[in-house]
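Single chain ahead, by itself, as C-alpha cells, in the form predicted alone.
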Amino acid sequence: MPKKLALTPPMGWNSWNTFSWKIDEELIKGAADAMVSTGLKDAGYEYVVIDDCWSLKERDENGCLVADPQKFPHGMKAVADYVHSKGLKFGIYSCSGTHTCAGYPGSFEHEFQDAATFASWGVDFLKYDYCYKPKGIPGELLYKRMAMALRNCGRDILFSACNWGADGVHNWIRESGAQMFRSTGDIQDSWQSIKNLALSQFGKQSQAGVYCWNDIDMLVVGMSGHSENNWIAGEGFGCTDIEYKTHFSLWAIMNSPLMIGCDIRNMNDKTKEILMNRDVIALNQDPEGRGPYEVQHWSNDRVKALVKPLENGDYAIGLFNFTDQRSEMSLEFWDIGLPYASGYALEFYDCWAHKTVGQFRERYVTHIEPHDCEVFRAKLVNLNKRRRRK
C-alpha cells in the first residue's frame, strides 16, 4: 500500500535561497550531514532538496535528463543514497515548461519519462516550477499531468507544485494530486517581503490542509543577507532575529511547509533556536491540520491575531504586530467562541518563553514591539469545576 504523504506540512531544506546555481555534490552531502549533527532531523526536518541548475543544458540521446557531471560526478542516485543513509529524504527540481527558470531542460512533454527517472534515482520530493510554460496550455493541466506521472512511477514522491499562486491555483490544486503548492511569488530576505507574503494569504487558510498544504515559500530565517542570488538577498537585505522569529511563527501557525533556506552548515545559536523551537513546530505539525482564522484588533487592522484549533482541544494563538510602532493587541475571547458566562478561562503557555504565563478570562491584552509576535498554546480551564472542588 503506498505511503500517505503530507499528513502534516513537509519540513526540510532547499538549496535555492542561499546557493541558487552554485550547487554541487559536496554541498548537498554537507547539508545532509548538518541536518543530522545540528539536531534539525530530530526536530522534524527530513527533506534535503536540490533546486534548479543541477542538470546539463541538454537531454541525452534518449531524451533523459542528465545530472551535470562536474557538479555531481557520481550521479544523482549516489547523492540520494547518501541522503538516505542519514535517515533523510532526497528532493529534486524540475519545471512544467520547456525549460526551468534558469534555462535548463524542463519536463514539458517528458512528464512520465522524468518521473520514472526520478524514481530510479531514489527521489522522494519534486519541486515543480512554472517558467517557460507554453501559453496555449492551461497550467492546471500540466500539474495534473505530472501528478499522474508521479503517482504511477513506482515510488512515493511528494509533489511540490510551484506556480507562484497563479491561475487561481487555490481552487484546483488539491484535486490535481499535489501535496503542497506555492501560493505566492518568491520570498526575499526582508521584513517587507515576509509581511507582504503572509498578509496575501490571510483569508485563504481554509483552502489547504492534510495532503495538500499552502506553501508561502521557503524560510529565510538565518540568511542575514547572504545569498548567491542578489534578488533574494544582498546589500541592504537581511532581517533582525525578532523578524525571523515572527516569520517562523507566521509560517508555522499558517500551516506552511517549513523548508529552510539558509546555510544550515553555518547557523548561529539564535537561528538554531528559532528553527528548532519544538513548541512552535508542534503547532505547525498538529495532526488535524486545521487552518487558523483571523481576529483583528478592534481599532488597528495591522495588529492581528491568528487562532487555530488543535487536535486535543487546545488552541494555537499567534499575535502579530505588522506595524512599525509598539502596539496594543486585545484579543476578546468572545470573538473566538468563549463567552465569559461559560465559566471557562484560557491558560496561556508561551511557545517562545516555554512557560505558562497565566489564566485569563474574557480577554488577553498585551503590547507588542514592532515586527514582533507572541505565540501561545491555550488550554481551556473549567473554573466552575474548580469552585465545586473547594
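Residue numbers here begin at 1 and follow the sequence given. The structure displayed is predicted, hence computed values, not measured ones.
Absent from the display: the form predicted together with a small molecule. The rest refers to it.
At least one heavy atom of Cys162 is located within 4.5 Å of the small molecule in the model of the complex. Using a 4.5 angstroms limit between non-hydrogen atoms, Asp52 touches the small molecule in the model of the complex. Although the partner is absent here, Arg182 is a contact residue: one of its heavy atoms lies within 4.5 angstroms of the small molecule in the model of the complex. Put simply, Tyr93 is close to the small molecule in the model of the complex: some heavy atom of it is within 4.5 Å. Of the listed positions (Val295, Met276, Ala102, Ala198), a single one reaches within 4.5 angstroms of the small molecule by any non-hydrogen atom in the model of the complex, namely Ala102.
Residue in contact with the small molecule in the model of the complex (any heavy atom within 4.5 Å), chosen from Asp263, Glu140, Glu111, Asp186: Asp186. Looking at the small molecule in the model of the complex, residues Trp251, Leu319 and Asp372 place no heavy atom within 4.5 Å of it. Residues with any non-hydrogen atom within 4.5 angstroms of the small molecule in the model of the complex fall in just one of 144 to 152, 280 to 288, 304 to 312, 162 to 170: 162 to 170.
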